[in-house]
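Only one chain is given next, in structure tokens, and it is the form predicted alone.
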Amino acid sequence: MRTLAYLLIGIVFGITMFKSEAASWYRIYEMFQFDSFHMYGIIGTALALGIIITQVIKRFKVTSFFGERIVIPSKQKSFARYAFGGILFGLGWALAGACPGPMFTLVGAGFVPIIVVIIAALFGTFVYGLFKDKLPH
């Protein structure tokens, strides 16, 4: 049952990403050139909603659809780790022309070359998993 729920949420997310043009390489290019507000509006809206929803979940002890309490652990405070991670993420996003969410949307939309980017992202995640205990967190 959970798998079906996750699949349906993923399909709705993919359609939303594609229809809002958040998966468009051109829109991402415009964003990094500071030529258009489109992507900043989408990201800003997602950020604002994420903050509000996270606070509601934490303060009102919200449960999932399956009745389990949702627990969001507090993050460690460190500027350097988030700045460095954000820079790496942004550089990868700019080079690939897609962030992780829309990568799968682009495959579903028929943009087959993005599979190379997905393989590289999975490989990068694997390498991080190998070295995460040795990295300064």
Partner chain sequence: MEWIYEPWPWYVSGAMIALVLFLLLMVGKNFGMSSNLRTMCTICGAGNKADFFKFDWKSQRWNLVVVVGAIIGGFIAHEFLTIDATVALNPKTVENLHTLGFENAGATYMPNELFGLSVFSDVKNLLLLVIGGFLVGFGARYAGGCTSGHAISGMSNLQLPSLIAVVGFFVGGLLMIHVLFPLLF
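Small disclaimer: the values here were computed from a predicted structure and weren't measured. Numbering follows the first chain given and starts at 1. Think of the rigid core as the biggest set of C-alphas that the two forms share within 1.5 Å after superposition.
Here the subject shifts to the form predicted together with the partner chain, a form of this protein not shown in this document.
**Student:** In the predicted bound form, does residue 60 come within 4.5 Å of the partner chain, counting heavy atoms only?
**Tutor:** No, residue 60 is distant from the partner.
**Student:** So which residues in 79 to 100, when you check the partner chain in the predicted bound form, have a heavy atom no farther than 4.5 Å from it?
**Tutor:** Read in sequence order, the residues that approach the partner chain (within 4.5 Å, in the predicted bound form) are 79, 81, 82, 83, 84, 85, 86, 87, 88, 89, 90, 91, 92, 93, 94, 95, 96, 98, 99, 100.
**Student:** On a rigid core superposition, would residue 77 pass a 2 Å threshold for CA movement between the shown form and the other one?
**Tutor:** Result for residue 77: yes, a 2 Å-plus shift.
**Student:** Would the C-alpha of residue 124 be classed as shifted by 2 Å or more between the shown form and the other one after rigid-core alignment?
**Tutor:** Result for residue 124: yes, a 2 Å-plus shift.
**Student:** Rigid core fitted, is the C-alpha displacement of residue 89 between the shown form and the other one 2 Å or more?
**Tutor:** After core superposition, the displacement of the residue 89 C-alpha between the shown form and the other one reaches the 2 Å mark, so yes.
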